[in-house]
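Below you'll find only one chain, the form predicted on its own, shown as structure tokens.
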Amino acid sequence: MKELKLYLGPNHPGMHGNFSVHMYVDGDTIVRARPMPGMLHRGFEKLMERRLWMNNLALIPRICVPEPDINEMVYAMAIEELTGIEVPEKAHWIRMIILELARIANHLMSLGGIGGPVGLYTGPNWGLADRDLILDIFQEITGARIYHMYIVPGGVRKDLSEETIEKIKSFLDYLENRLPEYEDLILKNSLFQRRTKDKLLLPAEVVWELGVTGIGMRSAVGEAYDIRKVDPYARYDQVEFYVPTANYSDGYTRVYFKYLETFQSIKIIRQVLEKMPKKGKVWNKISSGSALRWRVPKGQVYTHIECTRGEYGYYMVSEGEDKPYRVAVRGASYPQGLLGVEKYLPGTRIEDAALWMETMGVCPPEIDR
């Protein structure tokens, strides 16, 4: 049969961000796949090296739109390590609230969004509506819904009000009662199960070969490798939470893990609200004078955190100037989103291509950086 070329993205409901996959098909089966980054034309790393340390705060959240706060965190951690500045105690706890709310927002969008490629269109409506409740909270805290620029070197921009804390508690109660409805609608749905159980497999040997981390790794090799556990940052070493693991990673398991992790994020935020100091500073200055004239001491550092797709890190080099000398981003979805697409998407049926991308956790700007 003659081979046919089809396009998944860059503008497709099953594709995140401006990214394309050229699929060569024989009948209904993909026989070759070629990832096509380059649609963003931003070059985040080089842009960062040409901007002041402070100016980069507005740029870095755009490296992963569904979960932008992780960039603010690793960037701030890198500068804090290079400058030796101490983060106020309360700011550590507030950062955890922001990061876990962002994790829940991402999981809700993914959990609901998976309904799209399987034909359960109520799912995306639910997921986005509930995610909007988190964006409302973010807007109240930071003044912005998506790109917050709230976690800054030295702490966070401002404290949380009592009203905001009460809204967060109320939202957690709502979501905890709401989540079983997602299980009924999506995870227990026979249509979703037929499309994902024992399909879209991620074997352990592929995890090791590509360097996959996050849910993909934890669901395939049974290792609880989570940066929040193995190399704690902020105050993750002072809260209790469970990291789900398995030894069989199909599409169903990876989506189910997002459901389980949402409960764990709720548990973490409740502990943070209980343990967080009631008073205290939330930001320490890096240096006196204008922030636009910051100069970070010479040195190099790698900082990393756990995002929804796995290990996310920045390698940064400073030459003591007002700009970074070198920045390299370790995008968590780089291994499966680039080499993984080319090597392991072939063999998948056409209608499952969007499911493969979603359950593997691919965020294209992390590749096109």
Partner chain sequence: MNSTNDTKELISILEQSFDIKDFTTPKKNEISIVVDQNNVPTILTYLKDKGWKQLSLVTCIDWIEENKFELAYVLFNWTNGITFLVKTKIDRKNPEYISIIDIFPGARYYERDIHEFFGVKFEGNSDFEKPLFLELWDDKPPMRKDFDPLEYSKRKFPDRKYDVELSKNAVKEVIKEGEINERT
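Predicted, not measured: the structure shown is a model, and the values here were computed from it. Residue numbers count along the first chain shown, from 1.
Only in words, not in the display: the form predicted together with the partner chain, which the text now covers.
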| query | finding |
| --- | --- |
| Partner-contacting position among 339, 65, 54, 59 - heavy atom within 4.5 Å of the partner chain in the model of the complex | 339 |
| Heavy atom contact within 4.5 Å of the partner chain in the model of the complex, the stretch among 259-267, 242-250, 293-301, 99-107 | 293-301 |
| Non-hydrogen atom within 4.5 Å of the partner chain in the model of the complex for each of 153, 275 and 285 | no |
| Touches the partner chain in the model of the complex: residue 227 (any heavy atom, 4.5 Å) | yes |
| Contact test in the model of the complex: residue 46 vs the partner chain, heavy atoms, 4.5 Å | yes |
| The partner chain contact in the model of the complex: residue 31, any heavy atom under 4.5 Å | no |
| Residue 211: touches the partner chain in the model of the complex, heavy atom cutoff 4.5 angstroms | yes |
| Residues of 310-345 having any heavy atom within 4.5 Å of the partner chain in the model of the complex, listed in sequence order | 311, 315, 317, 319, 325, 326, 328, 329, 330, 334, 335, 338, 339, 342 |
